[in-house]
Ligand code: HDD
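What follows is one chain in structure tokens, specifically the form predicted alone.
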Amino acid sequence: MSTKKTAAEKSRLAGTDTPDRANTNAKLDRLEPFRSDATGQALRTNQGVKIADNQNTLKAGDRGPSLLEDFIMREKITHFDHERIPERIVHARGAGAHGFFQSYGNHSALTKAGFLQDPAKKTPVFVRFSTVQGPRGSGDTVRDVRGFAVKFFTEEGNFDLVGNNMPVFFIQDAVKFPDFVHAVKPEPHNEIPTGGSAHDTFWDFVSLVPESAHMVIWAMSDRAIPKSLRSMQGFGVHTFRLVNAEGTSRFVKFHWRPTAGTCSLVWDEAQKLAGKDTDHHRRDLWEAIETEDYPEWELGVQIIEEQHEHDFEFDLLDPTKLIPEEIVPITPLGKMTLNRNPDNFFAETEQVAFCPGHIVPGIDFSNDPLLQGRLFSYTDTQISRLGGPNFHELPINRPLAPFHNGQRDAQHRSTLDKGRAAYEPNSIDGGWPKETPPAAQDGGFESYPERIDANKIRQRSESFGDHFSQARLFFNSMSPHEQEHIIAAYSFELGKVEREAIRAREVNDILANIDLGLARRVAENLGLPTPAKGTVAVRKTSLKRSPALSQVNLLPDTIKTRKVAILAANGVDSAAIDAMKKALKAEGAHAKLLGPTSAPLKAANGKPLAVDASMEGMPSVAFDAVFVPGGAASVNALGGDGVALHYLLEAYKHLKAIALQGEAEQLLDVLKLEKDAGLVAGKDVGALTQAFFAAIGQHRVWAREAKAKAVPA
């Protein structure tokens, strides 16, 4: 039977058989009036009002605060907030932990927030880390932004610092948030792809919205595939205010710096982990706390005096911009330690509710238009997700400070309020609860009295107009291997885009304005014409590079908490294993003994050795380095074991440190590999450790990368 299709069949399948298709659509319109086709239609609200500006929130002046009367923004975000139940629309997949924050000193000159004034005080915290795009069942190691949200249970109430592992965001105004998320989410016709941005709708949006260029290049960098949650930086993203008891306000940017250093996976490793251990980040965080390798982050702020607000080449209120640390250094405030895992994932990690609007006296907002919208959006979202306005009564959200007000009833109310008056002022219950004047000791919250004198307007400030300088600064600040990874990420993601026009627009209108070399390399990889120049004039800036942006400069001077796989078979040199484990333990690192199976091994001296797992059960992607001890019988067995050889080749390909002791050095010939700074060999374990540990401390052997690409694994 012929498989050839007639012209009519092809036309029908393509949807171009106009008369029949038109008749069918007309019937559907009559029978199913809920079907909607926006072709040729004006953009309107749900009440049918035509929208003149869908790009900007209504503000008091182009740099002023957003106005509550903006019914278009509120309708759009309210609808967006309630699109999914009960799973979070974004940040659905998360992991959490309890801990505490301790201030380094008395910062009362900077803020009247009590938790930053007493170095002896330990303020309880709960932290939730998350991916952005995927649902709860997606993988941990996908290329994505990571949420970094901290709830401080202070004596003055809860303070939620709700940020990300990147210091900027994709959009400048909250009114565009639903558009961005709709674009990055799985495409609506087939719900593909899960947990990733490599598809048409995302790249269509960002190629049309130049303000996203800075954040997109961060997302295409290694920052989007962190090694672990413990090795991520965190950022408050927005500009906030800190206000002291005298009423002096200063602008600040919040930073979290991990004491374990900041580093990432390599792309092939991230993809394999997504399949071999979907819960890799969750598991790593859980196990670190269980083994008392408590993750730590230092909280710091960049401080900008009010009079210097306009001294920069960018706008402090623009959430797509960062302040380079070379311009404004970070002032350390204190340290956060996570030391307790949740008792129940759902009750704590899933039900915790973060809202940027949860602040305490001494902390206040700026007029950042993205932050202004988030102040409304997050509470609105929690009402839908957690079944009503009483989500603050759930144990994980309940403040340590007491709460009394006239709010009553609604779903899931658990507080049994006494008294008859649910209003203020009242005389029936003695006037209680009463206001606390700001001037009183432990006074009530008072917003910073910023003067606003402006017209109501839907307009973006001209100071928000530079979309490429900081993206260029980021790319120029990367090491050569980090730049290569960014080029590869753009090439991979855009290679998944079906429409060539979108790929070309991203290369010509976005990448060429960031860096011509970047654009040309990506164009070459995609088979597109090479762009001759950018479409926007390059803006001269005072800072060409910022070393603080490169992860190469963010490594610790220790290998503490690093994980080393020890590969062995029967006949292994047990003394070498013991020596390596002892040396690793002294450095605070961990070792796992892996065999061909999970069965115990017999050492060369006849000693039985219990293994932690098989090589297949704990693959190389779960470790930072590999050690192969000597023992002729063991090495001969490993040399003939395809799983063991693959294990070593894969670790080599992922640029990890490998140490071969004694007879294991002969595996170099079997694997056809040459020694390098991270592939070391020798008879004495003690002599090996210095070079081996130095390579582990560098996280990867980057000089090996070009050669490793040719290695099959």
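Every value quoted in this text rests on a predicted model; they were computed, and no experiment measured them. From 1 onward, residues are counted along the sequence shown.
Absent from the display: the form predicted in complex with the named molecule. The rest refers to it.
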{"item": "Residue contact check: Y378 to the named molecule in the predicted bound form, 4.5 Å heavy atom", "value": "yes"}
{"item": "4.5 angstroms heavy atom contact with the named molecule in the predicted bound form for V90", "value": "yes"}
{"item": "I487, heavy atom within 4.5 angstroms of the named molecule in the predicted bound form", "value": "no"}
{"item": "The named molecule contact in the predicted bound form: F623, any heavy atom under 4.5 Å", "value": "no"}
{"item": "Interface residue in the predicted bound form among K76, H238, R503, H467, criterion: non-hydrogen atom within 4.5 angstroms of the named molecule", "value": "H238"}
{"item": "Position in contact with the named molecule when the complex is considered in the predicted bound form, options W218, F148, W256, F101, heavy atoms within 4.5 Å", "value": "F148"}
{"item": "Location of the named molecule contact in the predicted bound form, chosen stretch of 468-476, 140-148, 191-199, 248-256 [non-hydrogen atom, 4.5 Å]", "value": "140-148"}
{"item": "4.5 Å heavy atom contact with the named molecule in the predicted bound form for all of R128, G163 and Q382", "value": "yes"}
{"item": "Heavy atom contacts to the named molecule in the predicted bound form at 4.5 Å, residues of 169-200 in sequence order", "value": "F169, A174, F177"}
